[in-house]
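Just the one chain here, the form predicted alone, laid out as structure tokens.
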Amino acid sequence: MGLATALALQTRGFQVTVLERYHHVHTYGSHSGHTRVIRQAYHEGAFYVELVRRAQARWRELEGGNLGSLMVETGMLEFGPPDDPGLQGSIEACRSCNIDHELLTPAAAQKRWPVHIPSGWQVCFSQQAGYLKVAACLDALRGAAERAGVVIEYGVRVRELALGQPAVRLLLDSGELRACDSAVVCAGAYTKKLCPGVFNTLLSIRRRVLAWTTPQAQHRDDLRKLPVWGAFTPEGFFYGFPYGEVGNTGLKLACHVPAGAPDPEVDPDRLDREVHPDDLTPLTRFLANHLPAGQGPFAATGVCMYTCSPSEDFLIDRHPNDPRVVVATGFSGHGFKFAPVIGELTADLVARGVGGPQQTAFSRVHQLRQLQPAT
């Protein structure tokens, strides 16, 4: 999000410097995992569909004719009980936004793909979906930003924002103070420490585990032909990818939202990065129940963080204590695909003081309302 915003601002005539705490592609935030789903069937809200379509166009522009280098189209398979609100949200988005899709019976889906879906469940296959290659996407954004004139400094940690001064000042770990006319905070899980107060109240940080299995050789060709997929099950919402070699070789899957009470919040500087047997039990059970061809030893695992707002919508707004500071956060779980468009929306807020039509849903006011008890 920081690279995309820097690129958008630089092309609007700003002189932009990016201060990155770590290095270019790393495992300390929320972009790890090598691949990210991109889809138009959006159960989180139909107003996201326009943004996805814009983002797909921007990624294609960044590919520059080298199709498949950033984005691979596979379609998306979603299934679950017919009364699941998430699944129904995806189907409604397909209908209301004219997304090419098929509603299938479990039996029909099982003839096309190596999945097991209980009879009575509902299945939706949408065409406009696939996955993004994380490192390649970040390379493309970095290259475009640097060619536009953006300065990127790695290994520079901002410790504190000094607000309400004649200029916005950034206190670095080194003790240096940097002054600027405007600042954008795209710090993911670390936003709460940089922006205490209302953002501390609005954001929650969750630990998530990713895994890649090594299926038996006779199943791999069929698993390569899988679409990206999402399963709305009583145990939680699971998602995954075709068998492939992007980053790690294997079949990648994860649990996006577990069923039951919210999992405990974590401190990003003290995150447990070790994957334990209990972390993998839900994934093993899911494969046994719904994707048995994908079973096999775990070839690789990883841990990342989600930074979530109360409504799970994005949060892009001015800092309440200094309007020269814009905070863009709350993207975790479904934000990566939107990066080029988020950069444009955030740059609009910096340059013109207004965002797009989605700005109401992405505002602090909207998120604060989510915390108010129902009357």
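It should be emphasised that the depicted structure is a prediction, and the values quoted were computed from it without experimental measurement. In this text, residue numbers run from 1 along the sequence as written.
Although not depicted, the form predicted together with a small molecule is the subject of the following passage.
This chain is displayed alone, yet in the model of the complex one of H319, H43, H34, H334 has a heavy atom within 4.5 Å of the small molecule; that residue is H334. Among the residues C195, M305, L77, M71, the one placing a heavy atom within 4.5 Å of the small molecule in the model of the complex is M305.
With the partner omitted here, the stretch from 109-117, 284-292, 196-204, 149-157 that lies within 4.5 Å of the small molecule by heavy atoms in the model of the complex is 149-157. In the model of the complex, none of the heavy atoms of R60 sits within 4.5 Å of a heavy atom of the small molecule. Within this chain, G29 lines the site of the small molecule in the model of the complex, having a heavy atom no more than 4.5 Å away.
Although the partner is absent from this view, H101 stays clear of the small molecule in the model of the complex, with no non-hydrogen atom inside 4.5 angstroms.
Proximity of A140 to the small molecule in the model of the complex falls outside the 4.5 Å heavy atom cutoff.
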